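Presented as structure tokens, the chain that follows is alone, the form predicted on its own.
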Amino acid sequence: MRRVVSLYLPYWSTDRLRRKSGAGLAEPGPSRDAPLATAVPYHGRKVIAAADAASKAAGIRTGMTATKARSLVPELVVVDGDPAGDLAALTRLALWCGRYSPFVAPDPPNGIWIDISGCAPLFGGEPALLKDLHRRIARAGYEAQIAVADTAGCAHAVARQVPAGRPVIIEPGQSAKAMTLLPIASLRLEPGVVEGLRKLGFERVEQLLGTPRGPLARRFGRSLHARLNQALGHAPEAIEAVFPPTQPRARRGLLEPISTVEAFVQVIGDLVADLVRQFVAAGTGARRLDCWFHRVDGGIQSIRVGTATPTRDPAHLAKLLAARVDQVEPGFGIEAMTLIAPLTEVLAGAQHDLAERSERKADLSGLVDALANRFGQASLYRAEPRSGGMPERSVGASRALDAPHGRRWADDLPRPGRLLDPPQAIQVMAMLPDHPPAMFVWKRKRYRVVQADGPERLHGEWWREAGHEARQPYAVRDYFQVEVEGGGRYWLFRQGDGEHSATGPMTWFLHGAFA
């Protein structure tokens, strides 16, 4: 389900002026109490291009001449407008919004699109994401109205027509219901079309929904119902994302739409080659790649892959992307593909040892990348030693290719590759106090021990301030490695030293199995 945020900045130009003057980035600007407006030349006159809240409350409107505006509000401060600067600043703000989604775009003159599909869980849900966005924008000194909906048109309309003072969330599937009571001007129609519809008595969107489309389309053109269909989700609406100028990216426009896996893989190979050349020039390697598939109906599909270490190996990167193209739903076909690298790292050139004196280590990065992209980063880890007196607390998990921190398990005290957490109770036949088990029963199955080694005595972590060891400071575990008939090797322990009841209840547990 697509989810689009519309960030509306109703006083973008005037807020920028006040923020610049307050930050000392420009000459002393207007006071915060004085009404403020910007004006631009138009046919030999200066007309109001933007007005702040106080000016609008006093009756100042965009398009009004500056002379008339000053006659209405003598204390009005009129500053030369800078539309190009406003647009450039809006684009920079859109790039900053990339912290919430990689798919952002300016919506001139005073709005920003953020496609947060699939991104909200990273921030704790949509309410938390929107709250954080609203708080940061307000703290920067900008008035903001925010809405999120299934369609860009609905989010755009609600953000501008529902000044709730907080982010508005249109629940999935409710865009059509939310649009019905909004005015027809919320459909982003040309002013002449809106005026013409008003003359015919249309004020709200719901009135358009109940009217035959043919006569209206002949009179006002196809754009009327195109906007209506986009807002209701009946027609797709593409958003042209922006990227930081330094971000490596490559794009291929296709002469004919493609829809097969073989064609996708071919284009991916070309895109990767283009991107690798940029990596070489910048001395970087990819840690994350996003491939976007632009459908002919305006929709966008995307896949993402990551790497454990920076790389610019074209064959490896193309293979990772090709393994995920089966997730793409091409619809009526893909007309363009874009490959970007949102995360890169410095990758220095490697010098081979001509004398072959150094020992070559196995390169596992390719295997790790393939497994991590298939099963997820969280499913791939490496067990490593941790400080702890008890086995269950002496093993930790780290990322597969993290540098080792130097700790090692003792070679003479082997530990099983698989630990049971928690240990499972078993029934054991053994002579006290130090003889190994002769037989044990686990999950109703009897195991006869043919070889055994032990005991290895472990005392509880008496220094802990809470937990089992703190309550029983004399607790003891006697561990035995045993081999049973059939070849299975297990790690058993007895809770207690076999003589003193204060050290444990003398019950037995299975704690792990050796490979």
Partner chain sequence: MRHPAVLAELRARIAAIEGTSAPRAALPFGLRAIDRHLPGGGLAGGALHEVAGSSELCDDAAATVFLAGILARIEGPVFWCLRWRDLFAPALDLAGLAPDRVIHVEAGSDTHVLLAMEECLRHPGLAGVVGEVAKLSTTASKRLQLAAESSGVMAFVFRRASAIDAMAESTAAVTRWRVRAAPSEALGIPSLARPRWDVRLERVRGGDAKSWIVEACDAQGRLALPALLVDRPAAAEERRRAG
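As the structure is a prediction and not an experimental result, all values here were calculated from the model. Positions refer to the first chain, counted from 1. Rigid core: the largest C-alpha set superposing within 1.5 Å between the two forms.
The form predicted together with the partner chain is left out here; the points below concern that form.
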**Request:** Answer with one of Pro422, Pro244, Gly165, Gly406: the residue that has a non-hydrogen atom within 4.5 Å of the partner chain in the predicted complex.
**Result:** Gly406
**Request:** Note which of Ala452, Val40, Ala34, Ala53 lies within 4.5 Å of the partner chain in the predicted complex, where distance is taken over heavy atoms; exactly one does.
**Result:** Ala452
**Request:** Would you point out which of 157-165, 378-386, 176-184, 261-269 contains residues with a non-hydrogen atom within 4.5 Å of the partner chain in the predicted complex?
**Result:** 378-386
**Message:** If we define contact as a non-hydrogen atom of the residue within 4.5 angstroms of the partner, is Ala138 a contact of the partner chain in the predicted complex?
**Reply:** no
**Prompt:** Are any of the heavy atoms in Asp411 no more than 4.5 Å from a heavy atom of the partner chain in the predicted complex?
**Reply:** yes
**Item:** Residue contact check: Gly417 to the partner chain in the predicted complex, 4.5 Å heavy atom
**Value:** yes
**Asked** Applying a 4.5 Å heavy atom distance criterion, does Glu483 contact the partner chain in the predicted complex?
**Response** yes
**Request:** Run the contact test on Thr65, Trp113 and Leu189 with a 4.5 Å heavy atom cut-off to the partner chain in the predicted complex and return yes or no.
**Result:** no
**Message:** Residue by residue through 307-329, which ones have a non-hydrogen atom no more than 4.5 angstroms from the partner chain in the predicted complex?
**Reply:** Lys319
**Prompt:** Core-aligned, does Glu75 move its Cα 2 Å or more between the shown form and the other one?
**Reply:** no
**Message:** Taking 2 Å as the cut-off, check whether the CA of Gly487 shifts that much or more between the shown form and the other one after a rigid core fit.
**Reply:** yes
**Prompt:** After the core is overlaid between the shown form and the other one, has the C-alpha of Arg415 moved by 2 angstroms or more?
**Reply:** yes
